[in-house]
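This document starts with one chain, in the form predicted alone, laid out as structure tokens.
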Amino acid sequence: MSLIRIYDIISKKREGGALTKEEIEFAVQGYTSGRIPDFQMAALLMAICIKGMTDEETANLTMSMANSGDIIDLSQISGIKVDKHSTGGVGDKTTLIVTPIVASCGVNVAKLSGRALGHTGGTIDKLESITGYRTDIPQAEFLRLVQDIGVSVIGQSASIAPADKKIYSLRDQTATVESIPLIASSIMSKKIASGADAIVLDVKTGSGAFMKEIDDAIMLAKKMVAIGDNVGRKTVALVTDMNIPLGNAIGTSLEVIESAEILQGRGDDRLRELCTAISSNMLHLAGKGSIVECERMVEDSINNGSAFEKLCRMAHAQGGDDGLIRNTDKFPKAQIIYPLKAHKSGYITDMDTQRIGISALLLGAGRQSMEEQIDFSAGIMLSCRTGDYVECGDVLATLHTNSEDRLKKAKEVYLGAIEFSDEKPIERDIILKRIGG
């Protein structure tokens, strides 16, 4: 039997060779256990970043990272289990809307989600803004809730794909974060370890997304769908626009409030369109019918109130005060609620969505390290967006915070993110491409 050495693996990839399954597993297991040092793994990551990986290599890397920790067994839950994942954006509260919709249509959803870091919002932080909501329940209780109610959303444990966590930390320090095969395998390893049979991916592109250019987003989407196909998971990716914040609310409790509005048939059209698309694709992968038939199911679940009731039941079952969802006026309010006004007239032609996300972070709605505490009442409510005509003195957005110092910084950042013109810009679609399925 030939001896596998990390030196030879690095050399092979540096020269553009395709690594075998055994070589990839050797590298991942060796680094996770500490046998392979940081400097050698960093060299391999850089070689991958420069030379790329085939679809088969990326699938093998994904499974090696997924198998480095616990694989959630969802077999005791009936039917096809469908998961969803967003690559992150500003105002993205789709999980809070999509999961109760899909569950109310008869497909069980067992969802593991993360916390906010930087300007992107975390689903777990949003749910914890509901007083009493528990996101760290034991796995047995999690599975029971999914079977009984049809949906549960909890925090991702450290035992899920620990190799990915360790490798990502090294990528973050070695300028190898941008590699599409490494991004794809990082995302998909956690999704596969979460146990779902099928996965719908929301791959965002634009100023508020990680993938700024649409071609890069499409490439990432195709790579992740290829991974799903290679490892036996039905996978669909939607490439969606993040040049405008998603919905009107940015911030934890503000986004829960907007989610409740959408589930009651109110709220922003673009947000509702995206949630309908994600939900109908999840239902389609679960065998509930054609996309068109599943879209009708989604509309019915909102119109008859079953999706909203499912969100309330989930919150109540996990210790949350569902009275806050039923009467969102009861959510704690920020001490400072400031209407930010336009300094000129004209059409809004561009919104630097990442800067708007940073503005929300400065108000207290995000965190720059995992040790920071989020202010649940902080955030932004948009009044105007790209394509709207505003007069000087019109309210662009309302800023919510509990600190005058935070407000001052956030105002400057937000105003610097808005561009005006005398000409109305071309309207942007929210869904740009569907891949897979």
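Residue indices: 1-based, along the sequence shown. The model shown is predicted, which means the values in this text are computed figures rather than measured ones.
The next section is about a form of this same protein that is not shown, the form predicted together with a small molecule.
Visitor: Each of Tyr168, Arg171 and Ile183 within 4.5 Å of the small molecule in the predicted complex, by any heavy atom, yes or no?
Guide: Answer is yes for this spot.
Visitor: Just checking whether Lys234 would be counted as a contact of the small molecule in the predicted complex - the rule being heavy atoms within 4.5 angstroms.
Guide: No, no contact at 4.5 Å.
Visitor: May I ask you to check whether Ile187 falls inside a 4.5 Å heavy atom distance of the small molecule in the predicted complex?
Guide: It does: once the small molecule is placed as it appears in the predicted complex, Ile187 has a heavy atom within 4.5 Å of it.
Visitor: Taking any heavy atom pair closer than or equal to 4.5 Å as contact, tell me whether Tyr338 reaches the small molecule in the predicted complex.
Guide: Because no heavy atom of Tyr338 falls inside 4.5 Å of the small molecule in the predicted complex, the answer is no.
Visitor: Tell me, yes or no, whether Tyr347 is in contact with the small molecule in the predicted complex, where a contact means a heavy atom of each within 4.5 Å.
Guide: It does not: once the small molecule is placed as it appears in the predicted complex, Tyr347 has no heavy atom within 4.5 Å of it.
Visitor: So if I measure heavy atom distances to the small molecule in the predicted complex, which of the stretches 142-150, 201-209, 316-324, 175-183 falls within 4.5 Å?
Guide: Heavy-atom contact with the partner occurs in 175-183.
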